[in-house]
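What follows is one chain in C-alpha cells, specifically the form predicted on its own.
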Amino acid sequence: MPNGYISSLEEVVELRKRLDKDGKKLVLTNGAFDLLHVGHVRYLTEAAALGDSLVVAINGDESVRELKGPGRPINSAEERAEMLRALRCVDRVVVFEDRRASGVIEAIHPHIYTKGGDYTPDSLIDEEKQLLDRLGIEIRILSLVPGKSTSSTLAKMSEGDGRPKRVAILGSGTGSNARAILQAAADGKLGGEVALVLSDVADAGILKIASEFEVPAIAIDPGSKKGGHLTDAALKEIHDRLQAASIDLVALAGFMRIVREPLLSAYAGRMLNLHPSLLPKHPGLHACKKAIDAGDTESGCTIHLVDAGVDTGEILRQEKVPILRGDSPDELQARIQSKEHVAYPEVIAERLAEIQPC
C-alpha cells in the first residue's frame, strides 16, 4: 500500500541497513494510531529520542476493525499515515494487515522496539516477546500521558450524546445466560445494549449466540490451558477491547477464568458475576455437586460484584431453589438456571440504572 506517506517494508529494511552501517539506531513502534492526540505525540517524541530514526507500523483498516470493533478505524490507513508523517519525530510509516506486528518486527529487525506504559515486558503478546528476545532487540516501555488515550478521547466525544449504556459479556461455555441477557436487551428490558461478547474458548457456544443477535463476538487467546490463569497479555487484550467499545458494565456468564488487574480497577463496582450456589456456601467449581454432597436441602444462584477473590464480592441478589431427593448435579443446575435467566438481566438493568456512562 505504499503512497507518498506510506513506505514499503523493503524501503525500511534498506533504511535500517544504512543506519546500522553508520553505527546509528532504528526505533520501531506500532499501533492503530486511529485518532491522534497529544498522548500519541509525546509518546512518539520520546520514542524517537531513543535512536536516530523512528518507524511507526500501523494496523491496516481491516486489522483495526478486528481489534477495535465496528466503527473503527475512524481514519483510514492513508489518512493516519499522512498525519503521522506530519510529525517531525516520525521518519517512516509502514502498514501491516496482520493482527500482530510480528512480521514487521522480523522483517525490519529494529535496534529498539517501544510500547506504551499500559504494557509491561510480560504483557507483550508471547509471539512478539519470543521474537524480540530471539532477535536480540531492545524493548523499551515508555510512559503514557495520564488521561490522554484514544479511548478516553472517544469517551469525551460521546458524553451527552444520549447513547445507550453498553454491556460486555464474558463467557466460556454454551451461553444460556448470555442468551437471556441478549434477549432482555433486544426486548428493551436491560436499560442498555450488549455491545460486545468475549470468550476465552474459540468455539464456545456463547460466540455463536452473540452472532445470532448481531453483536460483535470475539475469541481471546487466554495464553494458558483451559482453566488456567489468563496471561498478562490476554488480560491486556480484554481490557483494551472493553475500553475501545466504551463498555459501562461487564457481566461474567460462565467465564471460567479468574479476573485480575487491570480489569478489576478499570471496572470496580461495574463487573458482575453469576454463581450457582447460595454464597458464601460452595464457591468455585462444581458448586451443584458440592451442595448435593453436603446434604443441603436448598441451593440457588448468587449475583455478586467481582473482586480479587473467588466468588467473594459483594452480593447483590440471591434466588433459592429446593434440592430434591435423588437430584443429580445436572438436574439441580437446570433448576438453578431457570432462576438465573430471569434474575441476571434484572440485576444488570438495576446496576446500569445506577452508573454513569463511561
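Throughout, we count residues from 1 along the sequence that is shown. Everything numeric here is computed off the predicted structure, so don't read it as measured data.
The form predicted together with a small molecule exists for this protein as well; it is not shown, and the discussion that follows is about that form.
Within 4.5 Å of the small molecule in the model of the complex, a heavy atom is found for not a single one of 30, 53 and 139. Listed stretches are 210-218, 250-258, 125-133, 192-200; the contact stretch with the small molecule in the model of the complex is 250-258, by a heavy atom cutoff of 4.5 Å. By the criterion of a heavy atom within 4.5 Å, residue 105 is excluded from the residues contacting the small molecule in the model of the complex. Remark: residue 333 counts among the residues lining the small molecule in the model of the complex, judged by a heavy atom distance of 4.5 Å or less.
Residue contact check for residue 110: none of its heavy atoms lie within 4.5 Å of the small molecule in the model of the complex. In the model of the complex, none of the heavy atoms of residue 231 sits within 4.5 Å of a heavy atom of the small molecule. In summary, among the residues 183, 224, 76, 176, the only one with a non-hydrogen atom within 4.5 Å of the small molecule in the model of the complex is 176. 274 is the sole member of 274, 235, 278, 244 with a non-hydrogen atom lying within 4.5 angstroms of the small molecule in the model of the complex.
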